[in-house]
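Before any questions on binding or motion, here is one chain by itself as structure tokens, the form predicted alone.
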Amino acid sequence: MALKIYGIPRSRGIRNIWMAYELGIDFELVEVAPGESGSRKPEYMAINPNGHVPFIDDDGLVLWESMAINLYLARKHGGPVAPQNVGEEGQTMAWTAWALTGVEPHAAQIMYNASMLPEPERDPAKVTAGLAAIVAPLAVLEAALAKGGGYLVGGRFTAADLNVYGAVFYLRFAPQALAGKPAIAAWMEACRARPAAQKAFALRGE
């Protein structure tokens, strides 16, 4: 049975679609939007009781959380995107946890209040707070990329880069956050230029 990815490209599901293309995995995209009319419908809550997308069904194994799904797919299918030894596996998990705790909450706060929410619901103070909170994590990322030859693990594009990109991508609505960070800019360009990324983001019309 083919891998099923539940979600839509304009959600965190883009991370799993991109990873599946990187790994050359056949998959079925079951388009389920977030919310009451999609991911919170009874038939989907029965698969993922959290009521969110994305989630996957891989021959009966159900997983949710987009970055955890990517780690699983890389571990299962291997190849250069996957960790090649236990050290790289540890580094990949560390960067993934770092993205989830140190970048995504702040970047999402900026994204929603700078662009995604209806104008009356936006809070400029949250944008300011998010920009202040993201300074230190981005300095860490800039230094790591400059030192690591442009990538985070093993001097090549890996699941660590894909997962971290998935969080930093939210900062496209706040270019001032990335100003003066040439290593991050070059890394984002290299990640997005990958054929698998191009194929995945084309599903979003980008």
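Residues carry their position along the shown sequence, with the first being 1. Small disclaimer: the values here were computed from a predicted structure and weren't measured.
Although it is not shown, the form predicted together with a small molecule is what the next lines describe.
(message) Between the small molecule and H106, D123 and G130, in the predicted complex, does every residue show a non-hydrogen atom at 4.5 Å or closer?
(response) Zero of three within 4.5 Å in the predicted complex.
(request) Quick one: from P175, G180, G149, G35, grab the residue that has a heavy atom within 4.5 Å of the small molecule in the predicted complex. (result) Result of the distance check: G35.
(message) Tell me which stretch of 22-30, 38-46, 137-145, 150-158 has a heavy atom within 4.5 angstroms of the small molecule in the predicted complex.
(response) Careful reading of the contacts points to 38-46.
(request) Using a 4.5 Å heavy atom cut-off, state whether V53 contacts the small molecule in the predicted complex. (result) Output for V53 is yes: heavy atoms within 4.5 Å of the small molecule.
(request) Although the small molecule is absent from this view, report whether E65 comes within 4.5 Å of it in the predicted complex, heavy atoms only. (result) E65 belongs to the contact set for the small molecule.
(request) Answer for R192 alone: is it within 4.5 Å of the small molecule in the predicted complex, judged on heavy atom distances? (result) The answer is no: R192 has no heavy atom within 4.5 Å of the small molecule.
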